[in-house]
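Given as structure tokens, the chain that follows is alone and in the form predicted alone.
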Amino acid sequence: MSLHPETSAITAGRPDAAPDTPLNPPIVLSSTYHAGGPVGYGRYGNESWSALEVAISELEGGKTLSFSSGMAAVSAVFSILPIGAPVVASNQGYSGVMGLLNQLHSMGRLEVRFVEITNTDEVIAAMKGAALVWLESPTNPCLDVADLQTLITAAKKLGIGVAVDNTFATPLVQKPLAMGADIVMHSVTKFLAGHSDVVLGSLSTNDEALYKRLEESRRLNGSIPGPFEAWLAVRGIRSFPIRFRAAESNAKDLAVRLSNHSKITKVRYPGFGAVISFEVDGTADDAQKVCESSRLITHATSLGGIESLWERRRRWAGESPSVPEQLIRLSVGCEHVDDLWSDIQLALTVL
């Protein structure tokens, strides 16, 4: 039976029904397994991971591997590429990915081609001879949107692998595997788990051979999730669609209100999702003071939680220099929108 994502999020990854069996998957705390079974050792598998992987697979439409963090998942993808393989990626993507790619490029491990992801012609031109296109849409933190379908189609015609970071949009907005992508990555830490209490990542694919290579990378690098974290993430996924839609509704409202505020010079919001980036009329120090002046919105790095967070992204040395110094990234939560707006207005009085 084909289910809507709201239903899959609630039902996927549960134990088989039988009299007196638990409704929820167990937390399995064991590094050692009796010989003769499919797991073999605690670095190779765990029932708690499996439940999480089944749940994400149902949402993304591909077989899933869970990892100890989003960056561990990203690293697994890059680890299976040949030495010196050309990789096309956004010049304004997540700072962790850009930092890793810059490191791998400087080591000669990969040849990285950074591009303006919204310039479709530029991205396609950079694909010549590439091994992988790493797509992030919307980008973090400027929320630029790529023409995913066109880029994925162009890459596949050239025989190039495509991986998509779907953390911001989530499978409620777009399903890259259905568009032809080879891999979908999530920072499960964010919207899927949604409670700011775990650090996890995932990779989903419809290619069995690719899955096996990524699974081998996880085994050998040891980037496995903990059972407690996996269990918490499954619990978070149960309410993911409800949380996401509530936060998205708040974000759409706040984007309009911010656009009409005299102390905001630019609002970046793609029309979907629960993250807004905006620029204040002032300096980097002014933007920092705004973030530090909120009483309800938490001044912290991260996003996708049930609570609202914001920060000035250029406070991080690894952030792209193309990101404006006065840009604030706001991860909108599920609080009442009028309370959030009152807090934002109060914080902006420091300008």
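What you see is a predicted model; the values in this text were computed from it and never measured. Quick note: we count residues from 1 along the sequence shown, nothing fancier.
Below, we refer to the form predicted together with a small molecule, which is not included among the displayed structures.
S.K.: Can all three of Ser187, Val199 and Leu303 be found with a heavy atom no more than 4.5 Å from the small molecule in the predicted bound form?
M.R.: Yes: each residue has a heavy atom within 4.5 Å of the partner.
S.K.: Hey, in the predicted bound form, does Glu136 get a heavy atom within 4.5 angstroms of the small molecule?
M.R.: Because a heavy atom of Glu136 falls inside 4.5 Å of the small molecule in the predicted bound form, the answer is yes.
S.K.: Examine Ala146 and determine whether its closest non-hydrogen atom to the small molecule in the predicted bound form is within 4.5 angstroms.
M.R.: Looking in the predicted bound form, residue contacts with the small molecule do not include Ala146, since no heavy atom lies within 4.5 Å.
S.K.: Check Thr167 for me: does it contact the small molecule in the predicted bound form (non-hydrogen atoms, 4.5 angstroms)?
M.R.: Result yes; Thr167 sits at the interface with the small molecule in the predicted bound form.
S.K.: How about Gly70: is it within 4.5 Å of the small molecule in the predicted bound form, going by heavy atoms?
M.R.: Yes - in the predicted bound form, heavy atoms of Gly70 and the small molecule come within 4.5 Å of each other.
S.K.: Of the listed stretches (263-271, 167-175, 98-106, 75-83), which one has a non-hydrogen atom within 4.5 Å of the small molecule in the predicted bound form?
M.R.: The contacting stretch is 167-175.
S.K.: Between Ser90, Asn140, Thr205, Asn250, only one gets a heavy atom within 4.5 angstroms of the small molecule in the predicted bound form; which residue is that?
M.R.: Of the candidates Ser90, Asn140, Thr205, Asn250, Asn140 is the one lying within 4.5 Å of the small molecule in the predicted bound form.
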